[in-house]
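What follows is one chain in structure tokens, specifically the form predicted on its own.
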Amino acid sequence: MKRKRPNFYLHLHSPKIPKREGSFFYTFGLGGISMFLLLWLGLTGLLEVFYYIPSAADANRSVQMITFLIPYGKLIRGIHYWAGQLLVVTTTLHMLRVVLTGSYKAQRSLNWLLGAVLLVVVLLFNFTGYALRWDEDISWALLVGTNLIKTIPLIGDSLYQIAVGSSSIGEQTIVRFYGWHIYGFAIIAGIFIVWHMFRVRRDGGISSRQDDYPVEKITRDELVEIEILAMFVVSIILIALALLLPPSLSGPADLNNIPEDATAPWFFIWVQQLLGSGDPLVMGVLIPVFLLALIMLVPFLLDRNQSGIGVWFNKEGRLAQITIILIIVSILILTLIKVL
């Protein structure tokens, strides 16, 4: 009998996968779930584009129209919002899992860098999408977030104009953010996602232990069955969140009258907390950049040992594990201090 050729989706997986590493409780499906959330973002974002008007006068009104007048608009906007929020969580947890299992070592170090870049792009995606609501809640984050760029020596003013489209925030800013959101970051994310997936496939798929031990295999068909079930569960969660906890939306933004209780989006609250402790350049730019550099240099600075791949909490990568955990815990503490 002629053997059936695998489709493109199956080709993204190695023909044989170690059973231990292919189980849900090794990867928790975080990489695949992140990709699936990106697909949801792309689909729902494409639908919203037909009704969204990128202008200071009409942006908020068009979001109101999508939410309350367009059939299923509230559901589509809710799914888009929650897919973006969950993507920040799953991407972060995915990178944490990679660190704790030593999956950034050896030839996978380049893919670690690609993943770190994608995390930054995901955050910027969320921030620009957050600003496109153009409501009262975005005032503080937009004003302070963009002003931080000005504090960068020598190139700050030029970067600010590139970011907001002029020497000050105005009508052109929302057009510029709209362009960054649906073109700039979309293209960058697309390039790095394809590159990231190519490297995963080229590096042999899911990282596995290198020592000699009996390796039981599963086929990629079995792995795909698990992934399809995960996609179904994630879709149900997204729809439930969109219906039960719809994203907020207040009146049009007034940058000359920022509310007293204004705050940054939740994933940047820790930066807001830091800004209250000292110089904006140090607290809002240098510290975040230093932490990002530290994360990106994990395979090159904190753990250059080539053993311990695929081993949870491997002793060779103890310094890298402690460093990343401390960074995440510190960010969580700063966030909770502000929220609580």
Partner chain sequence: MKIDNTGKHKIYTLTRRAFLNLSLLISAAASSWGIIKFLSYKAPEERLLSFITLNQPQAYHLGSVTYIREVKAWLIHDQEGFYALSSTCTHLGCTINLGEERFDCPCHGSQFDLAGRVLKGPAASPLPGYQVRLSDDGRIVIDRRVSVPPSQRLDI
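Numbering follows the first chain given and starts at 1. Quantities reported herein were computed from a predicted structural model and do not represent experimental measurements.
This protein has a second form, the form predicted together with its partner chain, left out of what is shown; the following refers to that one.
Chemist: May I ask you to state whether Glu260 is within 4.5 Å of its partner chain in the predicted bound form, using heavy atom distances?
Modeler: Glu260: yes, in contact with its partner chain in the predicted bound form.
Chemist: Considering only heavy atoms, tell me if Gly165 and its partner chain come within 4.5 Å of each other in the predicted bound form.
Modeler: Gly165 belongs to the contact set for its partner chain.
Chemist: Please tell me whether any heavy atom belonging to Asn60 falls inside 4.5 Å of a heavy atom of its partner chain, as the geometry stands in the predicted bound form.
Modeler: No, no contact at 4.5 Å.
Chemist: Flag Gly170 as yes or no: does it have a non-hydrogen atom within 4.5 angstroms of any non-hydrogen atom of its partner chain in the predicted bound form?
Modeler: Taking the distances in the predicted bound form, the answer for Gly170 is yes, it comes within 4.5 Å of its partner chain.
Chemist: Within 4.5 Å of its partner chain in the predicted bound form, do Arg20, Thr92 and Ala116 each have at least one heavy atom?
Modeler: Contact check failed for every one of Arg20, Thr92 and Ala116.
Chemist: Of Met231, Leu143, Leu249, Val121, which residue is found within 4.5 angstroms of its partner chain in the predicted bound form when only non-hydrogen atoms are counted?
Modeler: Exactly one listed residue reaches within 4.5 Å, namely Leu143.
Chemist: Taking 4.5 Å between heavy atoms as the contact cutoff, choose which of Gly42, Pro54, Pro288, Pro280 touches its partner chain in the predicted bound form.
Modeler: Answer to the contact question: Pro280.
Chemist: Name the stretch: of 241-249, 82-90, 221-229, 135-143, exactly one has residues whose heavy atoms fall within 4.5 Å of its partner chain in the predicted bound form.
Modeler: It is the stretch 135-143.
Chemist: So which bits of 318-340 sit within 4.5 Å of its partner chain in the predicted bound form, heavy atoms only?
Modeler: The stretch touches the partner through Lys338 alone.
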